[in-house]
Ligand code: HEM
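Single chain ahead, written as structure tokens, the form predicted on its own.
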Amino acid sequence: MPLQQPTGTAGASAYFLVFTVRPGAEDAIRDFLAGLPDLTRSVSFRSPNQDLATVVGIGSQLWDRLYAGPKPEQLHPFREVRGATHTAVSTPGDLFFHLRSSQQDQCFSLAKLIGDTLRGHADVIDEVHGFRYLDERDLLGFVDGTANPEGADAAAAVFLPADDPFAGGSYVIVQKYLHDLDAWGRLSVAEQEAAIGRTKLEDLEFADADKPSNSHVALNTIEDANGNERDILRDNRSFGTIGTQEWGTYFIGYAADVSITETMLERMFLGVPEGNHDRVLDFSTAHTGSLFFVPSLDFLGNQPPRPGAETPADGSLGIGSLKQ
């Protein structure tokens, strides 16, 4: 029954839910967060081989309503990135849920339990049902997540270190992109590959000399002063509805340092140099954008006091051990 494990096995099915919390519901939300492991367990124990996993993130404004004392250093409302042609929009969000499983029925069952428990306290403002598409491809036809770190490298990229007050937690940025597949389909395969910076069939990255400066891969490669690549962990999923003809990619990026993801978005939407934006954005439009902090499981079971509450007699902030 994994909870708060962004680096766990990615399920074929995923539910993404964003809620806003009603005024006065803060105590109910705190109780809900403490009981979320039991909700997940109530679904997962019946089919343990389906690898049901839950991640919950808390937005900046709700954090200030729920907790007194320190706050994750990089937690703030998602910052809009407005380029000359395209915009990474900022949209509301207090609670974010990433549910994943090998079967959609478990995601649905848990999503319904979450919705029933939060009824009257919080409202769904975005809901996306994601799926694994073919051999880990997105709807544009390219393999997605090739550059994801693995093992210890993934943990280092995702989780805050032991010396951080919120050790074991992670930041997550989510965006819902809708694709214009008709326009994309009118490009030749060579033009599509130039836009991505990888071959379509073999999933091989272009050599640096051959990679267009406005390709998706070029603009999303972030290096430190020593030339070492800085990683995030993506767990993107495709989604789509035939009736509305809306389909795309739900981007979800976990990171111990959210500035890496933010730099990627700035490079994509503003361009390097400015105006040289990510070519993929001409076919893929961001309709949402939110930032959340994913606290450790220990934090959820031992939450600090609400604003205005008395400090515990031992002088602590009531956080306890946040190490995962």
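Please read all numbers here as calculations on a predicted model, not as lab measurements. Sequential numbering from 1, following the sequence displayed.
Omitted from view is the form predicted together with the named molecule, to which the following refers.
Can you pick the stretch from 110-118, 227-235, 162-170, 186-194 whose heavy atoms fall within 4.5 Å of the named molecule in the model of the complex?
Only one stretch passes the 4.5 Å heavy-atom test: 227-235.
Can you work out which of S215, Q104, T91, T221 has a heavy atom no more than 4.5 Å from the named molecule in the model of the complex?
It is T221 that has a heavy atom within 4.5 Å of the partner.
Since exactly one of H129, R198, H86, R132 fits, which has a heavy atom within 4.5 Å of the named molecule in the model of the complex?
Spelling it out, the residue with a heavy atom inside the cut-off is R198.
Although the named molecule is absent from this view, report whether M264 comes within 4.5 Å of it in the model of the complex, heavy atoms only.
M264: contacts the named molecule in the model of the complex.
Taking any heavy atom pair closer than or equal to 4.5 Å as contact, tell me whether T146 reaches the named molecule in the model of the complex.
T146: contacts the named molecule in the model of the complex.
Any non-hydrogen atom of V280 within 4.5 angstroms of the named molecule in the model of the complex:
Because a heavy atom of V280 falls inside 4.5 Å of the named molecule in the model of the complex, the answer is yes.
L52, heavy atom within 4.5 angstroms of the named molecule in the model of the complex
It does not: once the named molecule is placed as it appears in the model of the complex, L52 has no heavy atom within 4.5 Å of it.
Judged by heavy atoms and a 4.5 Å cut-off, are F142, H179 and E205 together in contact with the named molecule in the model of the complex?
The answer is yes: all three residues contact the partner (heavy atom, 4.5 Å cut-off).
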